[in-house]
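The chain below stands alone, shown as structure tokens; this is the form predicted alone.
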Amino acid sequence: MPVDSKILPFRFRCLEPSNLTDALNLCSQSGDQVAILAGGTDLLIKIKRQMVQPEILIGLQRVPELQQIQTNEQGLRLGATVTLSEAEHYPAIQREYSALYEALRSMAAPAIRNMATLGGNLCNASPAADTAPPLLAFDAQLRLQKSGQERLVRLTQFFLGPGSSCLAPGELLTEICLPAPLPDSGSAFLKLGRVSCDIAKVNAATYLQRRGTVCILCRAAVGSVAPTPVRILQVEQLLEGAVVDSNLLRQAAEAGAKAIVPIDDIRSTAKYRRQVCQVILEEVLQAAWIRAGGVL
């Protein structure tokens, strides 16, 4: 059997629960040889290449509780199977969560965005996941559920390593929760890939709040430069409480580039990633500050 076959090379059972309770019960009863099918844009490729061989697939496409987008005074709540396209075209995301909107627009082609899900992009736990830096910058929390249990986990605690997360056996990511944007705040996202819509060589997002010329809140996050997407505390500590100008943003970007731990791989070299990280960090810091109403 060819390893890169265009067919599914082995038999498995496919279960499609119609509500969240049934989905959680199936996950708890199905043992270790189970895979969760959301959009399938990554999982089906892995199955065809025989990288994973589940005995059971649990498809979540018919679970309405996972498909909802809600906004209220507390912020934004996104069901785990909301597609990238649905999130991209949601007015509140376009209007209030610029960094996430820019990340969604940068990902793959429209046909992929119509299938791929936010929850799947996070649970795949790729160091280069494009939704991760903006969600880290917005200090997102994830609702993780299993039969009879529920917990909220900050995204900073979710990723454990390449392809690895803190999801326990039988547990599902059901919702992504973002706080409401603060007054006088702004955000931005930027990535660099080999070609448009490619996997990122480096990606970065920032979220800033200002009071006059002073930055009173900063979150900066990067991807594809460490084993997981990460916040860069050196950038945040340098900016918070400081009067912002172009020179300070340049210094913060330099500090961020020194803090990362990139590697050489088929898409780029560590040296190039470090150089580019400094450039795009400075650009997203500038964009977020200007969107917050700041002047440079």
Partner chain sequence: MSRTIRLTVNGQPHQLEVEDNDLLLNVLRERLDLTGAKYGCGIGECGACTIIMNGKAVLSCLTLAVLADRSEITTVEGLGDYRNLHPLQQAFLEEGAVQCGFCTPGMLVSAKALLDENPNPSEEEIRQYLRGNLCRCTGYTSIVRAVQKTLKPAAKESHPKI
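Since the model is a prediction, treat every value here as computed from it, not as a measurement. Numbering follows the first chain given and starts at 1.
Not pictured, yet referred to below: the form predicted in complex with the partner chain.
query = Here the chain is shown alone; which of N124, T156, S106, T174 has a heavy atom within 4.5 Å of the partner chain in the predicted bound form?
reply = Contact check passes for S106.
ask   = Of Q94, N114, T213, Q149, which one comes within 4.5 Å of the partner chain in the predicted bound form, counting heavy atoms only?
value = Only one option qualifies, and that one is N114.
query = Does the partner chain come within 4.5 Å of a heavy atom in each of L8, R11 and E16 in the predicted bound form?
reply = Spot residues vs the partner chain: full contact, yes.
key: Options 44-52, 25-33, 63-71, 249-257; stretch whose heavy atom lies within 4.5 Å of the partner chain in the predicted bound form   = Selected stretch: 44-52.
task = Flag G163 as yes or no: does it have a non-hydrogen atom within 4.5 angstroms of any non-hydrogen atom of the partner chain in the predicted bound form?
result = So G163 does not count as contacting the partner chain.
query = Is there a heavy atom of L238 no more than 4.5 Å from a heavy atom of the partner chain in the predicted bound form?
reply = No, L238 is distant from the partner.
request  = Answer yes if any heavy atom of P169 is within 4.5 Å of a heavy atom of the partner chain in the predicted bound form; otherwise answer no.
outcome  = P169: no, not in contact with the partner chain in the predicted bound form.
task = Look up in the predicted bound form whether L37 has a non-hydrogen atom within 4.5 angstroms of the partner chain, and give yes or no.
result = Yes, L37 is a contact residue.
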